[in-house]
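Below you'll find only one chain, the form predicted on its own, shown as C-alpha coordinates.
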(Lines give C-alpha, C1' and ligand atoms only; values in the text may rest on other atoms or scores of the structure.)
Protein backbone atom coordinates (compact mmCIF):
# COMPACT_ATOMS: atom_id res chain seq x y z
CA UNK A 1 0.00 0.00 0.00
CA UNK A 2 1.14 3.55 -0.72
CA UNK A 3 1.98 5.94 2.13
CA UNK A 4 -1.20 7.41 3.61
CA UNK A 5 -0.35 10.93 2.39
CA UNK A 6 -0.61 9.75 -1.22
CA UNK A 7 -4.29 8.92 -0.71
CA UNK A 8 -5.24 12.19 0.96
CA UNK A 9 -6.87 15.19 -0.66
CA UNK A 10 -6.31 17.83 2.01
CA UNK A 11 -9.75 19.43 2.19
CA UNK A 12 -10.91 22.86 3.31
CA UNK A 13 -14.40 23.76 2.11
CA UNK A 14 -15.76 25.71 5.07
CA UNK A 15 -17.54 28.89 3.99
CA UNK A 16 -15.62 31.00 6.50
CA UNK A 17 -12.16 29.79 5.45
CA UNK A 18 -9.94 32.86 5.05
CA UNK A 19 -6.98 33.75 2.86
CA UNK A 20 -4.68 32.80 5.74
CA UNK A 21 -6.53 29.51 6.33
CA UNK A 22 -6.22 28.46 2.69
CA UNK A 23 -2.57 29.53 2.57
CA UNK A 24 -1.76 27.45 5.66
CA UNK A 25 -3.70 24.53 4.22
CA UNK A 26 -1.71 24.58 0.99
CA UNK A 27 1.58 24.86 2.87
CA UNK A 28 0.61 21.80 4.92
CA UNK A 29 -0.07 19.93 1.68
CA UNK A 30 3.40 20.85 0.44
CA UNK A 31 4.94 19.65 3.70
CA UNK A 32 3.16 16.30 3.80
CA UNK A 33 3.17 15.75 0.01
CA UNK A 34 -0.53 14.99 -0.13
CA UNK A 35 -1.94 13.86 -3.47
CA UNK A 36 -4.11 16.95 -3.68
CA UNK A 37 -5.84 19.90 -2.05
CA UNK A 38 -9.63 20.27 -2.29
CA UNK A 39 -10.86 23.86 -2.02
CA UNK A 40 -13.67 26.08 -3.20
CA UNK A 41 -13.28 27.56 -6.71
CA UNK A 42 -12.53 31.11 -5.58
CA UNK A 43 -9.26 29.93 -4.00
CA UNK A 44 -7.82 28.19 -7.07
CA UNK A 45 -5.56 31.10 -7.99
CA UNK A 46 -4.10 31.25 -4.48
CA UNK A 47 -3.57 27.49 -4.44
CA UNK A 48 -1.76 27.71 -7.76
CA UNK A 49 0.67 30.23 -6.29
CA UNK A 50 1.47 28.14 -3.20
CA UNK A 51 1.23 24.46 -4.11
CA UNK A 52 4.22 22.58 -5.48
CA UNK A 53 3.52 21.24 -9.00
CA UNK A 54 2.95 17.60 -8.08
CA UNK A 55 -0.01 18.37 -5.79
CA UNK A 56 -3.35 18.36 -7.58
CA UNK A 57 -5.72 21.31 -7.30
CA UNK A 58 -9.19 19.85 -6.74
CA UNK A 59 -12.33 21.95 -6.60
CA UNK A 60 -16.07 21.49 -6.20
CA UNK A 61 -19.03 22.09 -8.51
CA UNK A 62 -22.69 22.59 -7.55
CA UNK A 63 -21.53 22.37 -3.97
CA UNK A 64 -22.85 21.35 -1.50
CA UNK A 65 -26.46 20.72 -2.58
CA UNK A 66 -26.15 19.61 -6.20
CA UNK A 67 -29.31 21.55 -6.93
CA UNK A 68 -28.09 24.11 -9.46
CA UNK A 69 -28.90 23.64 -13.15
CA UNK A 70 -26.79 21.50 -15.43
CA UNK A 71 -25.93 24.62 -17.41
CA UNK A 72 -24.67 26.35 -14.27
CA UNK A 73 -22.60 23.33 -13.28
CA UNK A 74 -21.05 23.14 -16.75
CA UNK A 75 -20.25 26.85 -16.76
CA UNK A 76 -18.69 26.61 -13.30
CA UNK A 77 -16.63 23.62 -14.41
CA UNK A 78 -15.38 25.45 -17.49
CA UNK A 79 -14.33 28.42 -15.36
CA UNK A 80 -12.55 26.16 -12.86
CA UNK A 81 -10.61 24.32 -15.55
CA UNK A 82 -9.52 27.62 -17.05
CA UNK A 83 -8.52 28.76 -13.54
CA UNK A 84 -6.19 25.78 -13.18
CA UNK A 85 -8.23 23.03 -11.55
CA UNK A 86 -6.72 19.59 -12.07
CA UNK A 87 -9.77 17.63 -10.91
CA UNK A 88 -13.46 18.35 -10.47
CA UNK A 89 -15.72 17.10 -7.65
CA UNK A 90 -19.38 17.65 -8.56
CA UNK A 91 -22.47 17.01 -6.47
CA UNK A 92 -25.12 14.65 -7.84
CA UNK A 93 -28.54 16.17 -8.57
CA UNK A 94 -29.87 14.44 -5.49
CA UNK A 95 -33.49 15.58 -5.69
CA UNK A 96 -33.79 14.41 -9.28
CA UNK A 97 -32.10 11.14 -8.39
CA UNK A 98 -34.50 10.52 -5.49
CA UNK A 99 -37.34 11.25 -7.95
CA UNK A 100 -36.05 8.49 -10.26
CA UNK A 101 -35.29 11.05 -12.97
CA UNK A 102 -32.25 9.10 -14.02
CA UNK A 103 -31.99 10.55 -17.52
CA UNK A 104 -31.71 14.01 -15.99
CA UNK A 105 -29.00 12.80 -13.62
CA UNK A 106 -27.01 11.21 -16.43
CA UNK A 107 -27.14 14.33 -18.57
CA UNK A 108 -26.23 16.51 -15.58
CA UNK A 109 -23.06 14.49 -14.99
CA UNK A 110 -22.27 14.35 -18.71
CA UNK A 111 -22.48 18.15 -18.92
CA UNK A 112 -19.77 18.47 -16.28
CA UNK A 113 -17.63 15.70 -17.79
CA UNK A 114 -17.73 17.43 -21.15
CA UNK A 115 -16.92 20.84 -19.66
CA UNK A 116 -14.03 19.35 -17.68
CA UNK A 117 -12.13 18.69 -20.93
CA UNK A 118 -10.52 15.38 -19.90
CA UNK A 119 -9.91 16.47 -16.30
CA UNK A 120 -11.02 13.71 -13.89
CA UNK A 121 -14.55 14.19 -12.53
CA UNK A 122 -15.68 12.81 -9.18
CA UNK A 123 -19.41 12.59 -8.51
CA UNK A 124 -20.48 13.08 -4.89
CA UNK A 125 -23.50 10.85 -4.43
CA UNK A 126 -24.12 11.86 -0.77
CA UNK A 127 -24.35 8.35 0.66
CA UNK A 128 -25.86 9.55 3.95
CA UNK A 129 -29.03 10.49 2.08
CA UNK A 130 -29.32 7.21 0.15
CA UNK A 131 -30.37 3.63 0.83
CA UNK A 132 -27.98 0.83 -0.02
CA UNK A 133 -29.94 0.14 -3.20
CA UNK A 134 -29.77 3.83 -4.12
CA UNK A 135 -26.02 3.90 -3.51
CA UNK A 136 -25.57 1.07 -6.01
CA UNK A 137 -27.90 2.72 -8.53
CA UNK A 138 -26.16 6.09 -8.22
CA UNK A 139 -22.76 4.47 -8.63
CA UNK A 140 -23.96 2.81 -11.82
CA UNK A 141 -25.16 6.14 -13.18
CA UNK A 142 -21.71 7.62 -12.55
CA UNK A 143 -20.15 4.95 -14.74
CA UNK A 144 -22.77 5.36 -17.46
CA UNK A 145 -22.17 9.12 -17.53
CA UNK A 146 -18.44 8.90 -18.11
CA UNK A 147 -17.13 10.27 -14.80
CA UNK A 148 -14.01 8.73 -13.31
CA UNK A 149 -14.82 8.59 -9.58
CA UNK A 150 -17.68 7.90 -7.21
CA UNK A 151 -17.33 10.04 -4.08
CA UNK A 152 -19.25 9.41 -0.87
CA UNK A 153 -20.14 12.67 0.91
CA UNK A 154 -19.92 16.46 0.86
CA UNK A 155 -19.42 16.69 4.62
CA UNK A 156 -22.38 19.12 4.77
CA UNK A 157 -25.19 16.54 4.93
CA UNK A 158 -25.81 13.56 7.23
CA UNK A 159 -23.58 10.54 6.86
CA UNK A 160 -19.91 9.81 6.48
CA UNK A 161 -17.66 7.43 4.60
CA UNK A 162 -17.90 3.84 5.85
CA UNK A 163 -16.07 0.70 4.76
CA UNK A 164 -19.46 -0.92 4.09
CA UNK A 165 -20.48 1.79 1.64
CA UNK A 166 -17.06 1.76 -0.03
CA UNK A 167 -17.27 -2.02 -0.45
CA UNK A 168 -20.77 -1.68 -1.96
CA UNK A 169 -19.59 0.96 -4.40
CA UNK A 170 -16.54 -1.12 -5.34
CA UNK A 171 -18.76 -4.16 -5.91
CA UNK A 172 -20.97 -2.05 -8.17
CA UNK A 173 -18.32 -0.27 -10.23
CA UNK A 174 -15.62 -2.94 -10.27
CA UNK A 175 -12.64 -1.59 -12.17
CA UNK A 176 -14.76 0.87 -14.20
CA UNK A 177 -14.39 3.75 -11.72
CA UNK A 178 -12.25 4.92 -8.83
CA UNK A 179 -13.62 5.79 -5.39
CA UNK A 180 -13.07 8.79 -3.15
CA UNK A 181 -14.08 8.31 0.49
CA UNK A 182 -14.92 11.57 2.23
CA UNK A 183 -16.67 12.62 5.39
CA UNK A 184 -15.83 11.81 9.00
CA UNK A 185 -12.38 10.20 8.57
CA UNK A 186 -10.93 10.82 12.03
CA UNK A 187 -8.48 8.03 12.83
CA UNK A 188 -5.62 6.35 10.96
CA UNK A 189 -7.41 3.05 11.47
CA UNK A 190 -10.56 4.38 9.82
CA UNK A 191 -8.53 5.67 6.91
CA UNK A 192 -6.85 2.30 6.46
CA UNK A 193 -10.19 0.47 6.63
CA UNK A 194 -11.58 2.63 3.85
CA UNK A 195 -8.56 1.98 1.66
CA UNK A 196 -8.78 -1.74 2.30
CA UNK A 197 -12.48 -1.65 1.36
CA UNK A 198 -11.60 -0.16 -2.03
CA UNK A 199 -11.09 3.60 -1.70
CA UNK A 200 -8.49 5.16 -3.99
CA UNK A 201 -8.63 8.63 -2.42
CA UNK A 202 -9.49 10.05 0.99
CA UNK A 203 -11.03 13.50 1.35
CA UNK A 204 -10.31 14.89 4.81
CA UNK A 205 -9.36 18.09 6.58
CA UNK A 206 -7.41 16.04 9.12
CA UNK A 207 -4.57 14.83 6.92
CA UNK A 208 -1.64 16.05 9.06
CA UNK A 209 -3.05 14.47 12.21
CA UNK A 210 -3.88 11.20 10.46
CA UNK A 211 -0.39 10.97 8.99
CA UNK A 212 1.00 11.57 12.48
CA UNK A 213 -1.06 8.65 13.79
CA UNK A 214 -3.38 10.84 15.83
CA UNK A 215 -7.11 10.49 16.48
CA UNK A 216 -9.01 13.72 15.91
CA UNK A 217 -12.36 15.00 17.11
CA UNK A 218 -15.42 15.74 14.97
CA UNK A 219 -14.38 17.80 11.98
CA UNK A 220 -17.71 19.58 11.55
CA UNK A 221 -19.01 20.74 8.20
CA UNK A 222 -16.60 20.55 5.32
CA UNK A 223 -14.97 17.24 6.41
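Fair warning: this is a prediction, and the values are worked out from it, not measured in the lab. Positions refer to the first chain, counted from 1.
Although it is not shown, the form predicted together with a further copy of the same chain is what the next lines describe.
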{"query": "Of 131, 103, 114, 99, the one that lies within 4.5 Å of a further copy of the same chain in the predicted complex (heavy atoms)", "finding": "99"}
{"query": "Partner contact for residue 146 in the predicted complex: a further copy of the same chain, 4.5 angstroms, heavy atom", "finding": "no"}
{"query": "Contact of residue 86 with a further copy of the same chain in the predicted complex (heavy atom, 4.5 Å)", "finding": "no"}
{"query": "is_contact(residue 68, a further copy of the same chain) in the predicted complex, heavy atom dist at most 4.5 Å", "finding": "yes"}
{"query": "a further copy of the same chain contact at residue 17 in the predicted complex, heavy atom, 4.5 Å", "finding": "yes"}
{"query": "In the predicted complex, segment of 176-184, 50-58, 156-164, 190-198 with a heavy atom within 4.5 Å of a further copy of the same chain", "finding": "156-164"}
{"query": "Stretch 29-52 - residues with a heavy atom within 4.5 Å of a further copy of the same chain in the predicted complex", "finding": "40, 41, 42, 43"}
